[in-house]
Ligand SMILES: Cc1cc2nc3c(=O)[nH]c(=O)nc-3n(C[C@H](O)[C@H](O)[C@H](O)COP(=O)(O)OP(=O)(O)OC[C@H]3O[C@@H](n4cnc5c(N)ncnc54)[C@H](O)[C@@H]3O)c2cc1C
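First, one chain by itself: the form predicted on its own, in structure tokens.
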């Protein structure tokens, strides 16, 4: 999961050189000109954008460029330069998605120095740098140019990342920038596996250009189904390659290999209106993201006001739950956390007002067992230090500004957020677009929902949290857990606390003289009355975990707080995607245990026009933004911001599929309880 940064040296001209490959990132003083000629002109991008005609289909209003090697970002910045110039001239252009890969990302400082030789790009460099990701594998989604441009930077080996790009429709990529160090300098990249993936992901008649004319590249592209055109190379190069993807039949076996029909993600490309059921953080993220795409939204919240469920706690800790191994759950949390921090910063830059502090989070090693587990996480070196790092007891005390005689894991980019204020801020931004209508004390019957979804331009999303288990959604294995959080008045000592503390529970710095202290964890209890007995449990949990901290031992018993019901799942991962037609899928997939090739099974049947985003448990502040981005991308047929493996692990029908593979009765999960 953690990657090494590129080792860079700079020539006297300012041109960056990759020391490990003994190759330059771009030609001295000619980098932008080379990008213009090799990639922008040969792919005919400006004309293709200018010929764009607005469509009723959101996905048809998007142009996707994919690049093999982000490097210094020069190709991206120069593309954005031309795109923005056309916008300034008043042209209506498609939204731009730029998907790029990079195994050895530059540090932020090296990237900034590399592009400094081209001052006309500084505007876009300055917009990207606050979003520039840490060296963590996976997809990092960033938005620029007032949301019209999306950069998906996939960090990792290209032979690991490209196979994880989802392509469930008729191609994904309109134009390829086949870049990277020369085949002679980087032979591991330029092979048949690469060309096969390019073909798998290309749209019919999609174009490709590359600076090289090496024979291995020509042969590989032709074999993969591309028609090549001989083209003059840039400056002193005699020849370069321009190609068009034409042979659809060639890619069919590869498509089958990468397609898992029982995890199909239906899109509604003609979508115009979405009805969201719910009023918490999941619903708020969805409403904001959908309206940013120009989709009308109607929100139906059963309560008298928004954020009355699990999103109603005064304060919540914001941090990922990571393990020493890069499990699927850890990958979801890591990716969600870095995206959420970027997402919240963007909301703030748009004028959103919500209580928060990026004060960091200390996960306290409060006993030998926990310290051993934390040391194992540090030793495995799976995660970059920018995400999580070990600190000594003295360092932990310095960070916390209270006595804390325990080593800890420190998540510097974490902190605390006011969930109800955040939710209301997102809905306010959605309403500012004029596309969002909010209805409180409102529920919809099954018949009304069925009538809504009979129209292919409409969809319904259940973002209903703990209510999901009581609604007429087909059988999904929800787990309901009561959690009580205390409002604890700060003492003279505790008011000095400057960071969020986590151990068995969490403890926030004082805000307006009050700490948030929690929380209990009571399974299958849906009573939300405040209980003094649980206040005692909460305080005792903190005092026992931090037994060597006099300041916590002196805390008085809290007398006020709040209880809410969290909705989670057996594997503690959210449910994101189409509502499955359970009865039909039980018939279609009743022989999964025979382990036939995946593509031999039928496409998963789902309930028409109905989707779900729930099961966030106690980690909604961390996971909701990326999960909502994933669902919105799926709905609109856009590139998705996670790997296929992660998307499959979040699919709502995953428990049905797993039980079928194991030859277990899925419905026994529910009849037994």
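Keep in mind the model is a prediction, meaning the values are calculated, not measured. Positions refer to the first chain, counted from 1.
Below, we refer to the form predicted together with this ligand, which is not included among the displayed structures.
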**Prompt:** Okay, which stretch from 482-490, 228-236, 124-132, 582-590 lines this ligand in the predicted bound form, with non-hydrogen atoms inside 4.5 Å?
**Reply:** 482-490
**Item:** Single option in 262, 506, 176, 195 placed near this ligand in the predicted bound form, where near means a heavy atom within 4.5 Å
**Value:** 506
**Fill in**
The one residue among 277, 578, 334, 573 placing a heavy atom within 4.5 Å of this ligand in the predicted bound form is 277
**Distance check, residue 620 to this ligand in the predicted bound form, heavy atom within 4.5 Å** = yes
**Asked** Is there a heavy atom of residue 565 no more than 4.5 Å from a heavy atom of this ligand in the predicted bound form?
**Response** yes
**Request:** Flag residue 310 as yes or no: does it have a non-hydrogen atom within 4.5 angstroms of any non-hydrogen atom of this ligand in the predicted bound form?
**Result:** yes
**Request:** Considering only heavy atoms, tell me if residue 282 and this ligand come within 4.5 Å of each other in the predicted bound form.
**Result:** yes
**Residues of 626-644 having any heavy atom within 4.5 Å of this ligand in the predicted bound form, listed in sequence order** = none
